[in-house]
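Starting off, we have a lone chain in the form predicted on its own, written out as structure tokens.
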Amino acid sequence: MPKSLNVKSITTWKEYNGRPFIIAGPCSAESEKQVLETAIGLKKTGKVDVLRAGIWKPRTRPNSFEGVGSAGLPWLKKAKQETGLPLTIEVANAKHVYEALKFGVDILWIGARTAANPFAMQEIATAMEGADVGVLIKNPINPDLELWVGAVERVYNAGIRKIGLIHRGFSTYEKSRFRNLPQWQIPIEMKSRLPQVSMLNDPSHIGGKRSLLLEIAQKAMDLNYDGLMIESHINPDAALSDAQQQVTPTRLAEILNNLVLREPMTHNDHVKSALDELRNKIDFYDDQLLEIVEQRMEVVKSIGQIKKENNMSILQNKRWEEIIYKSIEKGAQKGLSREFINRAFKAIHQESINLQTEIMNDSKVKR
């Protein structure tokens, strides 16, 4: 897909209150009263652009609350009539699309599980053909950039031009303070590939708890995201799903009021000059890093040759554990996070294994 993708910025879809573009509402529509009270509370903040609510909830396991289904659509329609807030809901199949459009839903969003399924994405895209509707696509649940790009392509090929992205983090087996790892480098790469497409952040699903919302939202603003999708419930503690990550409309307003919005560019020549000087240093250090990694890989090749000649296995678990333990310990002394060291050295280790595998199999090492 070319970078000259002809899509409309989310800020042009409907009237909005200025950056950040805010989508808020309950994780799940639970009752007409709950939807209306939450919508009215959000409207009073003067900061919310679009009302969200889950109607069909894709749950990991059965026998949990899976949403009220189509019965909740009239509640949302009434909320729209009373507050004037446009609506967005999640759709996971063609039937959901038809039902949502029938009730005047303005924006459809596609969840992380659905975005990872090309069959489901094509079914949804086909159902959208000819509709004047906005579409927001969350990142796939697994960190696969091509799947995310492919989801955008399918919707774009269906003739939809109001397309936006939502970064909601990625599932992982690793222990983390986040519900879903942000892996900020992936949405940054996505934005680089599709710069015309608006990018929103979902702090609720990344953090998984209220205490992290402001921190994550601020990070998104610092990375120049266009907006946020945050779950808000009139009584979060009584919510039927994701209670720990929802906030009241009042608390949502407080979070948004505490955000610091920074400009992506500066017109101050002194600041520009200082940045240019520092960036030149970064370029110099990057070149040094690449040279050191190259030298390390040359040593890896020699190790691979010795292992081959002596019929030794490639993976040496004890040696790897020693490397990662020492690196994390030294990294901490230098102010580097455990998470960063772990990711960086795992990538280097994997490349080392790849090189030694090529040597073991008599493949030509192209480096």
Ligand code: PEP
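Please read all numbers here as calculations on a predicted model, not as lab measurements. Don't overthink the numbering: it's just position in the shown sequence, from 1.
The following text describes the form predicted in complex with phosphoenolpyruvate (PEP), which does not appear among the structures shown.
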property	result
Answer option from K95, R113, K209, K219, heavy atom within 4.5 Å of phosphoenolpyruvate (PEP) in the predicted complex	R113
In the predicted complex, segment of 123-131, 254-262, 104-112, 156-164 with a heavy atom within 4.5 Å of phosphoenolpyruvate (PEP)	104-112
Residue contact check: K138 to phosphoenolpyruvate (PEP) in the predicted complex, 4.5 Å heavy atom	yes
Interface membership of C27, phosphoenolpyruvate (PEP) in the predicted complex, 4.5 Å heavy atom rule	yes
E90, heavy atom within 4.5 angstroms of phosphoenolpyruvate (PEP) in the predicted complex	yes
Phosphoenolpyruvate (PEP) contact at P58 in the predicted complex, heavy atom, 4.5 Å	yes
In the predicted complex, residues of 204-236 near phosphoenolpyruvate (PEP) [heavy atom within 4.5 Å]	H205, E231
